[in-house]
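Only one chain is shown below, in structure tokens, and it's the form predicted alone.
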């Protein structure tokens, strides 16, 4: 097993020991299948405690599944989903919302990953036009795919504008923990106005577990009736659900001596490591050897570097090319910190980048 920690994705990270311990605790003996078990009951209680008494949680296998199930629950068959051009549902899910959910994605320009309330006007005039997919759902990502974070005020303004236009709001929260940690707020507060959340666990220390969480009490009865069927029909219902539920419950409820929950500890650490990585690379920006392309507000660093430097760095650690740079000789890369990224990982990468650039 490789001991190298990479900067390619927080999906590369190992499973947190407290999550593994929760899986072990859920193991042994027989439990009723498909969610009628003690571990899932504990998850249900944790969801109500963290997100509100009326919140409902539905564990699923992966983030794409959580997004597709959520969007199908929020929209009729003739609906469209307004989202950032960078949204995972638009560029990284192989058309799953459209292929599986039958819902057309309607992209909006978002240079820093964040949409504005005014930008919704690109699609809202189509409401009522039988020839066009109806923009009935807004999907927001928090933290965004470009490593930025909506402020609470910006999130509330966006969700209010969507609701005023007759749209429901889905929040892709693959990194909602990182956003909440960056904002210094609870998970529920970071969702500011969303109706349904795709809660991410895998990128924050879980082995493989996500959840669809109904946040809006006014939709509770409707979605409580439809989501069980949608989850099964989209192949996201786990028979041995106790193992997924145990992972999510650990993230939400496992605390340290100071009372900090695991989701917060993991996300805060990842965010701090990303900030440290940017600081390590900052001298190279001053020297003109690279250029940061986005603010580092969660656990990602976006930077444009020479292709020769990228090739040298990639000999020791993995990271993703995001898109072509501003010149043929440069490339924009994404460097992602994880819950298990260590200070020495950051320092060695920074030292190698500086020596290679020199």
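This is a predicted model, so every value here is computed, not measured. Numbering follows the first chain given and starts at 1.
Form predicted together with a small molecule: not shown, discussed below.
A residue is said to contact a partner when one of its heavy atoms sits within 4.5 Å of a partner heavy atom; residue 187 fails this definition for the small molecule in the predicted bound form, lying far away. Using a 4.5 angstroms threshold between heavy atoms, residue 155 stays clear of the small molecule in the predicted bound form. Among residues of the shown chain, residue 64 is one whose heavy atoms approach the small molecule to within 4.5 Å in the predicted bound form. Not displayed here, the small molecule is kept clear of residue 278 by more than 4.5 Å at the level of heavy atoms in the predicted bound form.
For the residues 174, 241, 197, 179, the 4.5 Å heavy atom test against the small molecule in the predicted bound form is passed only by 174. Taken together, the three residues 11, 88 and 93 all lie with some non-hydrogen atom within 4.5 angstroms of the small molecule in the predicted bound form.
Just one listed stretch, out of 285-293, 305-313, 27-35, 64-72, contacts the small molecule in the predicted bound form at the 4.5 Å heavy atom level, and that stretch is 64-72.
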